[in-house]
Ligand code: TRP
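Given as structure tokens, the chain that follows is alone and in the form predicted alone.
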Amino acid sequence: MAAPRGEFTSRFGFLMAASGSAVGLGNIWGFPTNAASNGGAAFLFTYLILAFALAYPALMAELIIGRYARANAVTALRTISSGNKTRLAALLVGFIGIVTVSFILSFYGIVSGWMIAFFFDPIARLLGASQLSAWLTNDAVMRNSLFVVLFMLVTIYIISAGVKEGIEKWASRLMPSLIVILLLLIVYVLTLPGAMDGLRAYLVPDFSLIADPSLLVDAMGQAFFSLSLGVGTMLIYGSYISSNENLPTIGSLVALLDVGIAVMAGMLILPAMYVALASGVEIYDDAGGLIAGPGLIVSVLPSLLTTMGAIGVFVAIAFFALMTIASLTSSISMLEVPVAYAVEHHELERRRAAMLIGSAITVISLVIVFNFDPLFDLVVTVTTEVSQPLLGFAFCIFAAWIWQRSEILEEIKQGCPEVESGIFWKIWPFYVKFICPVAILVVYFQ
């Protein structure tokens, strides 16, 4: 028989787990360069509005469905469906979500493995192991294979322990550590030559760009995808929330934490890039835009750290510890989606389910490692640019058009009896029914 379902034992534990899911590598390297390339504070202003006007309602849809059904994504969507056709659609959407998040984790594990390798590099240099240091920073199949396996083993270990002793326990340790390291790095980087230029690029607005369609689309995409929407991670976390919790409040807190950490990441990455520029490191790509993505993390910033002398070694340890923590808090939420389905629907023991599914995803990662050029970008594109936005659209349709509105209200009332007279209930049903689906389709077709 399957083990009984777990539950978050505190609001703090849920907030750390949910915000950890939302705060990942893409949030730290993508948000700052997105902002700098789209008018600085004009992008920030637009992003903040869209995060709470559009992404927050979609986040609430997943949390409410999850807590109501107390089940994995497939079962949850089928629970709120009323006819044979909608149940079939629920089965399809749920399974596509599981497959999508599994493939996202397969490439995410590779990049996360790079972060671990770069974390050990400065330690190797401190110990005088120059050959080991060179191996750790060399993009080779053997290195990538070893560290993706290591990263996935840690993820599997945490998920195997369950909700309380695994997800909640480790998120409650890792997220405060991430925030402390991030703050310390911000304070240090802002003291370096060139940092103020980066801060101005990030925070000084160019409002002439605010009506630019590309800025709006980029901000909307960042708002939706930074909150881990569309693949069932927030739904499954919602299923572990106590019935006594006020869902609109804790949903707002998750959004605030995610937005706050994204903004803080910008205050680290952009000044660091301009410090690198002042040190002679190239920070622009061939098209003239700021280098973003993995290239920023494994090329630009390590080049900067080597110019700092002895202090650069310790800054590198702190920075790649930050990146590894951000990787892990997201990966555990991804693996939980298929594991929860296997435990609840097929009655597998949790540890066995985590090991079997985690091993299968690791094999996919290794196939990508050995065929990197043809597969990596293809998997990233299909999962994050094609599948994820369509799944987000489907979740909104299920919450607003298929599920009965009276049942939604009763579910929210369990932890917030006065919700019907508040602003949330006056606005949210309309937003999630009309605005969010349209917004997601706009991002998709752009």
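Bear in mind the structure is a predicted one, so any value in this text is a computation, not a measurement. Counting begins at 1, following the sequence as shown.
This next part talks about the form predicted in complex with ligand TRP, which is not shown.
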Three-residue site Leu54, Ala61 and Ala394 fully in contact with ligand TRP in the model of the complex at 4.5 Å by heavy atom: no
Stretch from 167 to 175, 359 to 367, 333 to 341, 133 to 141 whose residues place a heavy atom within 4.5 Å of ligand TRP in the model of the complex: 333 to 341
Contacting member of Ala272, Val148, Ile236, Ile104, with respect to ligand TRP in the model of the complex [4.5 Å, heavy atom]: Ile104
Contacting member of Thr46, Asn27, Asn34, Ser387, with respect to ligand TRP in the model of the complex [4.5 Å, heavy atom]: Asn27
Interface membership of Ala17, ligand TRP in the model of the complex, 4.5 Å heavy atom rule: no
Contact of Thr324 with ligand TRP in the model of the complex (heavy atom, 4.5 Å): no
Proximity of Val231 to ligand TRP in the model of the complex, heavy atoms at 4.5 Å: yes
Heavy atom of Ala22 within 4.5 Å of ligand TRP in the model of the complex: yes
Contacts with ligand TRP in the model of the complex, stretch 291 to 312 (heavy atom within 4.5 Å): none
